[in-house]
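Below you will find one chain, with nothing else, as structure tokens; this is the form predicted alone, and questions on how it binds or moves follow later.
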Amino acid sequence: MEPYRPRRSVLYVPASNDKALAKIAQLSCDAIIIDLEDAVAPADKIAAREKLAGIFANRPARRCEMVVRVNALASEWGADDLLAVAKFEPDGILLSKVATPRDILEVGDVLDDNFAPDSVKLWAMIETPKALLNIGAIAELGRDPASRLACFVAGTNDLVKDTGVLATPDRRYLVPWLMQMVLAARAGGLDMLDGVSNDFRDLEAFARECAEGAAMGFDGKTLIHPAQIDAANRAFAPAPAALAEAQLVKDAFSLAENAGKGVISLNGKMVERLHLAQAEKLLAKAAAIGA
């Protein structure tokens, strides 16, 4: 099993925005998505792609993940985006408009043919009705390391556009689909990132949305503005009370009298080995983020 990588806060940065790119090293987000797709106008696509060499040559010393979102492979820019990005060996390549498992497998073949190391993972946008209908089969690829698939990203803005569903502040009509994404991601052993919140000025509403996303089981949230980073980092970090309880469970199972037991009693509650596994995972997460 690969070591845990925190993805609480994942910030989109347009590849065409030099001012935003210059600030990457000072940001406290867990990952950066250099965006060649939605955030870049068609007339600027090629120029944005050509900036990648400079971006990766000046990669921050602080080891946050660096991911590049490429244009859809069916678009006029997608294939060239993929070949260009692979040369720089990012931590991940985020694929837009994914619809079927074949979309993932074909990109994996291109990366293999161009000798991209296994460390280059694939992330997939879940942003179309077809992706949701096929999400179980897509997620299953996460069980095969050769597929490179590591993470799903909810594309809520595109889902709203494509379905006509009403986008309310509480996201009530999106919640069933969001929960479906979380379930599929867990079945495939993938991380699952919540979609963006468009009003970056309303940080109170954003914090509520982060808390709801964490409660739904998301690993983190995609962001469109640095002002959103702190709230996301707090919401998707383990709570102090949960960490204290996890430590109690771990300590209890480590006692000599509990060696080999599948179930123990702790503070009047039945605790199983599955709770120990959950506790150890939570403690490892806290250690990785310094909580």
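Residues carry their position along the shown sequence, with the first being 1. Source: prediction; values computed, not measured.
Keep in mind the form predicted in complex with a small molecule is missing from the figure; the text below concerns it.
S.K.: Closest heavy atom of Lys45 to the small molecule in the predicted complex, within 4.5 Å or not?
M.R.: So Lys45 does not count as contacting the small molecule.
S.K.: Would Pro238 show up as a contact with the small molecule in the predicted complex if we use heavy atoms at 4.5 Å?
M.R.: No, Pro238 is distant from the partner.
S.K.: Asp30 versus the small molecule, in the predicted complex: is there a non-hydrogen atom within 4.5 Å?
M.R.: Taking the distances in the predicted complex, the answer for Asp30 is no, it never comes within 4.5 Å of the small molecule.
S.K.: Considering only heavy atoms, tell me if Phe200 and the small molecule come within 4.5 Å of each other in the predicted complex.
M.R.: Residue-level check for Phe200: yes, a contact with the small molecule.
S.K.: Just one of 52 to 60, 230 to 238, 32 to 40, 250 to 258 has heavy atoms within 4.5 Å of the small molecule in the predicted complex; which?
M.R.: In short, 32 to 40.
S.K.: So which of Lys269, Lys281, Arg273, Lys23 reaches within 4.5 angstroms of the small molecule in the predicted complex, heavy atom to heavy atom?
M.R.: Exactly one residue meets the criterion: Lys23.
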